[in-house]
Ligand SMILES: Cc1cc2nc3c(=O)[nH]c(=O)nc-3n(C[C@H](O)[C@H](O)[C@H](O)COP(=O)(O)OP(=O)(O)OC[C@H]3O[C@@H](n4cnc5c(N)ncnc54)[C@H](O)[C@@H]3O)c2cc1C
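There is one chain below, alone, in structure tokens, taken in the form predicted alone.
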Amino acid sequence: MRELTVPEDIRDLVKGIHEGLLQFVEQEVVPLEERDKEILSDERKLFDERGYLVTRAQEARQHIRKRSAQAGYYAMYAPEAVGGGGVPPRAMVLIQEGYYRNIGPGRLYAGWAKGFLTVPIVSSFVDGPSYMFNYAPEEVRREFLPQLLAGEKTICFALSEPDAGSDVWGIRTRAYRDGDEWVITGTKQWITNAPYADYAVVFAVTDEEMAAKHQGGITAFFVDTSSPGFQRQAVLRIMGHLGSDCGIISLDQVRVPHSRVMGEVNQGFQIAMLGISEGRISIAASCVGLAEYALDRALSYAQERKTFGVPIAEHQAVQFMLADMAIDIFTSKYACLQTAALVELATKGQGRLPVKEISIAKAYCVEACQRVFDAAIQVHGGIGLTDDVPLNEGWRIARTLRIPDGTSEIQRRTIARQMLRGDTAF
């Protein structure tokens, strides 16, 4: 489909990157998948008894990150100002869409491991360099950013807590200043990449009064996870798997130099929202690609599978399901593209940050993706429930993504509040 809403230069950029990414997968990822197929095909071998990836698996991921960085893909979404590729939002949407449509919820092996080595090819705010690093102080840019850009080290985004997920202002982690250092104490939970991160961007309350009034009072700190008092408490086993990238961390009197404050003291909420907004668009775009993958599989199967002497594609009930899938995908894709275009204008100072539209895209695309996978499973019938086709894994991915970076309910609250404040343009 010709993207009438996307300029020619962006389409050319997307085409080149997309072809390069798929070639990278074939040349770099597939050989490692073949080498490690014994552990990738059995989660009991992929994870240890605690739910952590085994050493060989962690090393394989780091190898892919470093090779991707050398090829120019790993940090391509990060801004040029921090050493990234500066790929604009609309291009990101189309790249994510095309990549996930081709890769699908998994490629070669059963279970969660199918996407194991394809995910770390491109960094995001939860594990690598991103727009948040526009706020990084000189010390962080000089000493740590080069390692992140090279894929040698990773970070985690430590915002959520056991009692503060959707309610950011409810975080209990506290930090106080002691001379030229800050002392941080608290617990973070549901943190992607926490089990493996070398560094963490930790958010803590530094002014109780401001935070209570929702007027600031939260500060972002760049923390070395090897610091005394920093502990990885556990890996969270997600949606039927024996492990995951999600974990719990604790900080007990962890000392951080003042020179590692991200942005301004008491203004970390803005940095947090920047990261979350970036994540919401990326998730939405990925869900578009995943949904297209499911529709592709459903269309192919419907034309091959016969019942009552004819392909099931000739049955109206199946046609209606295929049509509903297409409606969801079309709507999702152009919600993403329109939102990304508004983000581009905002970054150029030509418009507001599209808060309402970002929430619309995230909520709709994730829920639509799950509907599409559900319909694809139904089209496949009994085989759709098996691991012979990875549709059940896609459904689980979509179901999982209704939670992070703001639940579907929080997105709806944000949309409603924006409209009640007068933001009713569409």
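Each residue number is its position in the shown sequence, starting from 1. Bear in mind that the values here come from a model prediction, so they are computed numbers and not experimental data.
One more form of this protein exists, namely the form predicted together with this ligand; it is left out here, but the text below deals with it.
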| item | value |
| --- | --- |
| Heavy atom within 4.5 Å of this ligand in the predicted bound form - residue from W169, F330, W190, F230 | W190 |
| Contact assignment for this ligand in the predicted bound form, among V205, I103, C246, V82, heavy atom within 4.5 Å | C246 |
| Stretch in contact, per heavy atom within 4.5 angstroms of this ligand in the predicted bound form, of 153 to 161, 250 to 258, 346 to 354, 221 to 229 | 153 to 161 |
| Contact test in the predicted bound form: R11 vs this ligand, heavy atoms, 4.5 Å | no |
| Touches this ligand in the predicted bound form: K15 (any heavy atom, 4.5 Å) | no |
| In the predicted bound form, E19 touching this ligand (heavy atom, 4.5 Å) | no |
| T400: touches this ligand in the predicted bound form, heavy atom cutoff 4.5 angstroms | yes |
| Heavy atom contacts to this ligand in the predicted bound form at 4.5 Å, residues of 228 to 244 in sequence order | I238 |
